[in-house]
Every structure is written in structure tokens, then in C-alpha cells.
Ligand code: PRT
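First, one chain by itself in C-alpha cells, the form predicted alone.
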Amino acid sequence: METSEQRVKIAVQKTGRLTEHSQDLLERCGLKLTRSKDRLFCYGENMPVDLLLVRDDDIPGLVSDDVCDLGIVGLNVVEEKRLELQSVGRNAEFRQVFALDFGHCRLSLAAPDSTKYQGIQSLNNSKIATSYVYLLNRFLKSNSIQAETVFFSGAVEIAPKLGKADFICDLVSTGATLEANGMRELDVLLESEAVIIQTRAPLSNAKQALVDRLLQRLDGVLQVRESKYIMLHAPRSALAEIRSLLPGSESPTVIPLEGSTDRVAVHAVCRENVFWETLENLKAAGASSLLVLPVEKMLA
């Protein structure tokens, strides 16, 4: 009989900008999920995999402590937790497996529009509000800046208005929130995106095999994010030019057309975006019957 210890546990953000993308990614890996009534847990129907829906800043700790086997979380949260553990003499017992290419943002310094700023030396003897204390302190130390770090758990952008800080250090995506609060971005400390992390604790052979299977599927989904499958007909004499026009294609398949000695069918997986201009250039080179299809998954 299957026990909870035999099921792979994945920590995912309960609510926020990564939640929908994370669950969609796992479903594209073939996982069918049923959500619990309290909406804190998702049960894998077709695979022994469960999702724990938690606060994003709890995810690295849950993976490091081997409560969960995998976690999907922002790199900013991962690095902040890593530095926090180092500060108390502990190692982060997780490793980054994949960057997932969603949830892009950056941890940046910002200030009110009226603040004069002439580079990071302007931070000396100032107060900087942030919820990323360890990342900010690392940045200040590496640049020999003497400044006071003021912890703010939310709405960091209002700290200067409250007289609590001169600058802030916070996540920036579009910059609209800063602009709405009369602030401007100054310097970037960290470029971030969603990543998947795995515990360093040894797993049973069966669980490790399942984790490897999930990660292989995940890699297959990630490989084809922008990929398209192109099919076309072309004269043999145009093959060299057509190959050069196929974006991100390594080696297309060339198939003789029945009843023709000088025309072939070309099939190719293109790992880059295929634009209308690409198709128009292929047609100008002699291609016809062009067909572009999305690629949902692929195993190397």
C-alpha cells in the first residue's frame, strides 16, 4: 500500500505571481491534480505527487529541511534564504535544478524622484528599507557602503514617505509601482526568475526515479517553450538556403516527394520564434505548402 512518504512532495506558492504558472507547468508535464477543500494541498491523481501550497518564503526552508522534495520559487527568495542560513552557520540543503523562464523581476535599489543620486556612494550613511535584508547587506558589504538596513515586510515603497528610510531595496517588474509612488529605479542587485530546487537529502530508489522522471518531463516542456514544427515543400536546389533560414534548427529531415525527382518535403523543429517574415523569406527562397505547428513536449 502506498504511503505518504513514498509520494513526491512539491512546494508551490499558495498565491501570487508564480502560482498559476507553476501549476500550469506541472500539468503540462502530465500531472492531474485535485485541490483539497482548504485549498492548501493538491493531490496527484495519476502520479504519486502532491503539491503543498505555502508562502513563497517558506519554500526554500521546506526543501532544505527535507519536508518537500522539490520546490518552485523565485531565485530572489532562494538566494535570500541561502544567505540567511549561512549567517547562522548552516548550509542550504537544496540545489537549483532548472531556471523556468517565468516570473522575471529584479531586486533593485530605488529612491524618491527628488533624491539626488550619483552612484552607490550616495548610499553611505543612509537608511534603506527592504524585506531582503541578507541580499542587501551582501551588496552593501561587497561595495564597502556604510548604511542602515531597515526591515519592512510589505509595501516597502512607502517607507520614505513615512520618514523611515532614504532609499528602498525591493522587487521591480514593470516599474509601475515605483512610478505610482513617485520613485525611480537606481541599481539592480539581482536578476530573478522562477526556479525549481531539489532537496540534497538522499531519496529512496523509487522516489528518486519518480523525481528524475518529473524533471525529464519538465526539461522536455522547457525545451519547446518557443519551438515550432515547420513542414514545407521545396526544390532540392534551394535546400542550402532554406536550411539557413530555419531559425534555431539543427538538422531538418528531408524526404523525397512521391512522383517528383527535384522536389522534397522538409520537416524541422525550430527552437526560436517563427515570424511571418521567416515564412515570407522561405517562400521567396522557393518553399511552398508551408505549415507551422506548436510543439507541446519533446524528449531528447
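The numbering used is simple: start at 1 and walk along the sequence shown. Keep in mind that what you see is a predicted model, and the values were worked out from it rather than measured.
The next section is about a form of this same protein that is not shown, the form predicted in complex with this ligand.
**Student:** Thinking of 251, 278 and 297 as the candidate spot, does this ligand come within 4.5 Å of a heavy atom on all of them in the predicted bound form?
**Tutor:** No, because 251, 278 and 297 lack any heavy atom that approaches this ligand to within 4.5 Å in the predicted bound form.
**Student:** I need the one stretch from 224-232, 207-215, 174-182, 117-125 whose residues put non-hydrogen atoms within 4.5 angstroms of this ligand in the predicted bound form.
**Tutor:** The contacting stretch is 174-182.
**Student:** Give me the residue from 136, 77, 129, 197 that has a heavy atom within 4.5 Å of this ligand in the predicted bound form.
**Tutor:** By the 4.5 Å criterion, the partner-contacting residue is 77.
**Student:** Tell me, which of 147, 165, 105, 186 has a heavy atom within 4.5 angstroms of this ligand in the predicted bound form?
**Tutor:** Of 147, 165, 105, 186, the residue with a heavy atom within 4.5 Å of this ligand in the predicted bound form is 105.
**Student:** Would you classify residue 56 as touching this ligand in the predicted bound form, given a 4.5 Å non-hydrogen atom cut-off?
**Tutor:** Result yes; residue 56 sits at the interface with this ligand in the predicted bound form.
**Student:** With a 4.5 Å heavy atom cut-off, would you call residue 283 a contact of this ligand in the predicted bound form?
**Tutor:** Residue 283: no contact with this ligand in the predicted bound form.
**Student:** Look up in the predicted bound form whether residue 17 has a non-hydrogen atom within 4.5 angstroms of this ligand, and give yes or no.
**Tutor:** Taking the distances in the predicted bound form, the answer for residue 17 is yes, it comes within 4.5 Å of this ligand.
**Student:** Mark residue 22 yes when one of its heavy atoms lies within 4.5 Å of a heavy atom of this ligand in the predicted bound form, and no otherwise.
**Tutor:** Judged by the heavy-atom cut-off of 4.5 Å, residue 22 is well away from this ligand in the predicted bound form.
**Student:** For the heavy atom contacts within 4.5 Å of this ligand in the predicted bound form, list the residues of 140-166 involved, in sequence order.
**Tutor:** Read in sequence order, the lone residue that approaches this ligand (within 4.5 Å, in the predicted bound form) is 157.
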